[in-house]
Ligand SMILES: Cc1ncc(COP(=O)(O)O)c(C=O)c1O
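Just the one chain here, the form predicted alone, laid out as structure tokens.
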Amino acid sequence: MSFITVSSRSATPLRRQIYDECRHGILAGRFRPAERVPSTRDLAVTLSVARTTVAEAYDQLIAEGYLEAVRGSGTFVCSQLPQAIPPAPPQLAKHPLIRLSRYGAGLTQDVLRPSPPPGVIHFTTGTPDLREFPFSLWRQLLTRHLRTAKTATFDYAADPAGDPALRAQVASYAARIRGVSCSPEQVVIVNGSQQALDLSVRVLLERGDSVAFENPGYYAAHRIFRAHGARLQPLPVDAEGVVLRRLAADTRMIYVTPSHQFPTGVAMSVARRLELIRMARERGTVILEDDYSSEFRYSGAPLPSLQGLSNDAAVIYMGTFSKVMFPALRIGYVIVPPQLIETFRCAKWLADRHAPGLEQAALAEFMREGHLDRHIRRMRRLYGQRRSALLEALEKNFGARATVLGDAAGMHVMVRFEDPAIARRAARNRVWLPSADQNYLTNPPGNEFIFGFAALTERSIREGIRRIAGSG
């Protein structure tokens, strides 16, 4: 009840003012049923009135059934309000007309991730199996750093680019796993790869600039570009990755997911990578390389990153720990060319100052002690088995009527069906199946679906495919 106001200059007695304010607040819903109210002493101090004045108002509210006193616990708003007394007439809220910016006006789509009801098999994309993460170990690391942390740990960070120890670990990790060539100074720790993309767009694009984009491509990325007013140039995707022959001469930026193209799952060939680097260098185009799940490759040697192949084209490399650890960690990284280090540091500072310090310190130790590498190796085996179970189930239930696209990598597969009733049957049989339609910049072909398998057991995967096939 901190929003109660009284005036000693009013002709209405203070006791009555307090009573009226409390009663109106209760009836208007500002003070919720069973909510504890301040003690008479505390409210008297807050309002600078005598305690007996507040006590008299409370006594009347208790007598009328608005408040109840619980011995030893305090005073609370009654769960059941008196029905005989009609509530004060509601005041219609007045909503002034607020003019949005062009950026704000473009934010019209719902971005919530719905939680499936019980019994629904959810082929969600991008979600790791959280049951398999070593949370007990993670808690130990957090506790260790919390116990030994100095006061500076809880202050604003000295460097918005992130914890130096974590940046050094990320630079070493990216070089070892993906062939990225960088120094720790080129690493900026961000709140997930989505922020890396947003910062890149903010510092490098003007409204109306041309951006080449995979078609189909990651829908959350093309929404960022559109919100900032970019002109999106759709480029088709074939078995070797994004097709570059239609790349416009004035292309300012190109966004690609070369390790496991989203959503088709195609890995960009080395020849196509070299072609992209050459064209970007000739046109002065910036390449945004989103390497969101390259750790999970189930056959063949990993392909080198675009950043590692190029020493004369501008490549911004983005990675995240959301897929290999857990999404709520909200730690990712962006590796930028040396001439952009200060720009990105400033952009990060303006966005949110810095990423959480305690989690950065724990993550640096998690990597340094080899826990991340061990966890990735274990999950790679597990996800590979689940991917195989998915492909076997599709073959058993659909045969040639389902075409699996992409390479043996990542945490999802994209499937094209001949059966036009897949979506209806999935909904009827309690299977949540993401459509690929929203990832197209042009008219989607339809009947393509994205099967995220990482968070499901092999049994659930087989059951889900059986349900959408309508068998059993």
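We number the residues from 1 along the sequence you see. Fair warning: this is a prediction, and the values are worked out from it, not measured in the lab.
One more form of this protein, predicted in complex with the ligand, exists but is not displayed; see below.
At the 4.5 Å threshold, heavy atoms of His222 stay clear of the ligand in the predicted bound form, well away from it. At the 4.5 Å threshold, heavy atoms of Asp290 reach the ligand in the predicted bound form.
Taking the partner from elsewhere, Tyr218 is found to have a heavy atom lying within 4.5 Å of the ligand in the predicted bound form. Under a 4.5 angstroms non-hydrogen atom cutoff, the ligand in the predicted bound form has Gln194 among its neighbouring residues. In plain terms, the part of the chain that comes close to the ligand in the predicted bound form, with a heavy atom within 4.5 Å, is 252-260 out of 176-184, 379-387, 295-303, 252-260.
The listed set Arg330, Arg226, Arg283, Arg345 contains one residue whose heavy atoms approach the ligand in the predicted bound form to within 4.5 Å, identified as Arg330. The partner is absent here; in the predicted bound form, the one residue of Arg273, Arg167, Lys323, His354 having a heavy atom within 4.5 Å of the ligand is Lys323.
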